[in-house]
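Read the single chain below, which is given as structure tokens and is the form predicted alone.
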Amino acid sequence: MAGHAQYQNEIYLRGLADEVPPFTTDPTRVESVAEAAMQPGPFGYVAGGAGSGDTVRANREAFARWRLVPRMLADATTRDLSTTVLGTEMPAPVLLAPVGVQSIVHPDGELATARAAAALGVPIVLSTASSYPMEDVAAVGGPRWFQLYWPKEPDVCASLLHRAKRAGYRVLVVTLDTWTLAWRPRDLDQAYLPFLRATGVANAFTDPAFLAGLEKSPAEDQAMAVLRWVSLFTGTDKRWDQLPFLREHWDGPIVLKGIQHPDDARRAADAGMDGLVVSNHGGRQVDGALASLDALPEIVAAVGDRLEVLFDSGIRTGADVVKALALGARAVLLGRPYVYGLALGGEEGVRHAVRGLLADLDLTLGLSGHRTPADLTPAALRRV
């Protein structure tokens, strides 16, 4: 057995020395395992959704409505999961989604995630709300994209983009659906918002344009720096006619994240964007929103030949990835599962979580009768 599936053999062989994995390989159990190991505030921040959690549940339920139809005698012994998306080569059509404030679950935060991803060749999408400056994360190496929470001051936005480009981030991912925080009961019940304690603000607090708006440094007056951060990064929605500003300050591919409606997808294509992420932010922003997977086919039909369509929200298993790819996604972004890995084992935990998903993807692809992600089409599925 070669490729990503080799991780299965490694685990079994280590069992001969009475060694078991660092934590469960069962994606349905890892959240409860992480909950037992994490503090209530950080766990609620990672696991929680908007309102009643209806959209979080809908994301998972949508995957259950699509079933794989395995094909036999397909010569799928040898598989190649590698692909290139927006100029970035990757060993499988999987990226690590932008998740902010990772130091709340492990002190090494994004640095540990970046080290694990770089060792596997898996691209990361670094959040604007990283616990560590983008340059420090870039120094780890590995393929990397930058996620932008679009600040309302143009000078700060331009400065962040310039820094990201200089630090080797290849693709800009602009999150559109989180210009203000949704009603999130898990965080509210704990009165837990890490940004107010100056966690997840490292990119701003090291940015010259941001610092230029302060009378004192963040070290001298943390409260005022935090207030400036809040005023810049929350509370202001943007407009379609502001997209050219991003193109002026970023000469690489631009992806819009949070698209759920085909008309918005068409507008993104008309605006010259290079890609989009069909996403509802893992159910964290609009309670009762359409499941991300339910939005995917219509968006692919609308714009799939004009830009790259990526997907996130609800990915837990290799089968989930296969289903999203079969419905037209070019790649998927993995979120909560690797963050639970980070909480449970730092760099090693992230590596275990991601290797497990890649092995599951590799095996599911082959056992359902396919050799490459490009072989997947809607014909591989039945809706039930």
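Because the structure is predicted, anything quoted here is derived from the model rather than measured. All residue numbers refer to positions in the sequence shown, first residue = 1.
Absent from the display: the form predicted in complex with a small molecule. The rest refers to it.
In the predicted complex, no residue of the candidate spot (Y132, Y192 and G346) has a heavy atom lying within 4.5 Å of the small molecule. None of 218 to 226, 78 to 86, 274 to 282, 259 to 267 except one has non-hydrogen atoms within 4.5 angstroms of the small molecule in the predicted complex; the exception is 274 to 282. Residue contact with the small molecule in the predicted complex: S103 places no heavy atom within 4.5 Å of it.
At least one heavy atom of R336 is located within 4.5 Å of the small molecule in the predicted complex. Under a 4.5 angstroms non-hydrogen atom cutoff, the small molecule in the predicted complex has I315 among its neighbouring residues. Although the partner is absent here, V99 is a contact residue: one of its heavy atoms lies within 4.5 angstroms of the small molecule in the predicted complex.
With the partner removed from view, the residue among W145, Y149, F210, W250 that has a non-hydrogen atom within 4.5 Å of the small molecule in the predicted complex turns out to be Y149. When you look in the predicted complex, the only residue of A50, L325, V354, V46 with a non-hydrogen atom within 4.5 Å of the small molecule is V46.
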